[in-house]
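So this first bit is one chain, no partners, the form predicted alone, shown in structure tokens.
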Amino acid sequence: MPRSFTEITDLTKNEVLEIFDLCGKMKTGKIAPKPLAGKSVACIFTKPSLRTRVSFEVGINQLGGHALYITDNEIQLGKRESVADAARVLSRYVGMIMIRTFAHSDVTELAKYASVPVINGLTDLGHPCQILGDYFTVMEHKKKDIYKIAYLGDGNNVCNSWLTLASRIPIDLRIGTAKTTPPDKNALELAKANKGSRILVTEDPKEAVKDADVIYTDVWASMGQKDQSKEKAELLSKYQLNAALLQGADPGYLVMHCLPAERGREITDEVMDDPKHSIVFDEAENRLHIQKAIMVFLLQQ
């Protein structure tokens, strides 16, 4: 059976580190494999995308392959035909499948029935490519055994993938969120089970950012939840990344946002554009490099 990447928990700690090593070598041009030469990759999108689509398509091209952009209107996954049947059919045509969608079950079912690797480009449950790229970005800017990372805002898919990463490698992860917007319970339990990590969930944003190396946020209402924008803003306004809140962080703190940002809501312009502390666009760039590393890793298994 092919290896797939549906969440970070599909990997061991050593495999996570191997992907980081691959990512660094690709970014510096030390290796230039073409494992997708003569192959196509089906890229299924049921959600709009800038970074995921462009970074995957560019990465696939650089690896020698051809990206096929497939929309939900075209295949109606799980409606026009079953996810299992679509997985079986696509496996006869392509060398790999990447999907960005709503239901995490669609990704796991594709992986179950496909005979080629499947990659989770984002679901409502997790955003694993994003978080691996984010952690790689942190390692580029700071060298520490364990990072103090504060995530502020909605306990969403990005937050969940930070937790699943903490279940594999040691992280001092602080999550500042409202009582009614917690992360996934299973992801939280997995992270707490890793004795090398320290996990804190708090309603106090100042407690979350105290002495933190990295301050991270995301939009308060994700795709498919925009009808909750007003409600989420009321619940999460005190978790906004602004200059006053960040005074409590480590003096050399880094600011991160997975983008797209709703400036003036979860993060101020002053913080996002700070040339000393913000690495928002470095992490966006690294989506390309980490996804190439993930694809190469899966093809080597």
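No experiment lies behind these values; they were computed from the predicted model shown. Residue numbers here begin at 1 and follow the sequence given.
What comes next is about the form predicted together with a small molecule, which is not displayed.
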message = So, residue 259 and the small molecule: in the predicted bound form, are they within 4.5 Å at any heavy atom pair?
response = yes
query = Is there a heavy atom of residue 160 lying 4.5 Å or less from a heavy atom of the small molecule in the predicted bound form?
reply = no
In the predicted bound form, residue 122 touching the small molecule (heavy atom, 4.5 Å) = yes
task = Answer for residue 219 alone: is it within 4.5 Å of the small molecule in the predicted bound form, judged on heavy atom distances?
result = yes
task = Mind telling me which stretch in 259 to 267, 33 to 41, 237 to 245, 57 to 65 gets its heavy atoms within 4.5 Å of the small molecule in the predicted bound form?
result = 259 to 267
